[in-house]
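Next up: just one chain, as structure tokens, the form predicted alone.
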Amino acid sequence: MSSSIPGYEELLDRLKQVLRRNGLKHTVQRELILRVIYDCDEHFSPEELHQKVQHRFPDTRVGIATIYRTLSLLESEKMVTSVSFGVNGKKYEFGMKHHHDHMICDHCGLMIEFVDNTIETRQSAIAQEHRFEITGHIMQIHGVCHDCQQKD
């Protein structure tokens, strides 16, 4: 896992390389999508990202299909990561920030990010025991948040 988060210009250069490598055009729309993702501190659905882009850049038309295609491309390059909600779709986040895991409320969808060094250490020990090289991991703990427990 990278210890430093790239700056926006470095990220934009990477996007341009990815687009060239895949035979795709660099467009203003893709650049604006990347900018909003880079500046976003929360998880978002494609529809929420679309609204954020439209709100922040009202003079530039960005279609929802462009949002979906760009998210797919960015996810394949690990520039964004996603958390699946099954039939309720995915939520995304900027994928190049410091590693963390998620607790997800199955009732309201609340996502709590956390880092636990004991879990990280134990994962490494288990991998070492099995002579397995970890290249990354995603941990999701599903349950019911405190507020939803109080409602039940």
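Keep in mind that this is a model prediction, so the values were computed, not measured. For every residue, the number given is its place in the sequence shown, counted from 1.
Absent from the display: the form predicted in complex with the DNA. The rest refers to it.
*Asks:* Spot the stretch among 23-31, 104-112, 122-130, 36-44 with residues whose non-hydrogen atoms come within 4.5 Å of the DNA in the predicted bound form.
*Replies:* In short, 23-31.
*Asks:* Contact between G95 and the DNA in the predicted bound form at 4.5 Å, heavy atoms?
*Replies:* No - in the predicted bound form, heavy atoms of G95 and the DNA never come within 4.5 Å of each other.
*Asks:* How about H99: is it within 4.5 Å of the DNA in the predicted bound form, going by heavy atoms?
*Replies:* It does not: once the DNA is placed as it appears in the predicted bound form, H99 has no heavy atom within 4.5 Å of it.
*Asks:* Whether R56 contacts the DNA in the predicted bound form should be assessed with a 4.5 Å heavy atom distance threshold; does it?
*Replies:* It does not: once the DNA is placed as it appears in the predicted bound form, R56 has no heavy atom within 4.5 Å of it.
*Asks:* Taking the DNA in the predicted bound form, which residues along 108-138 bring a heavy atom to within 4.5 Å of it?
*Replies:* None of them.
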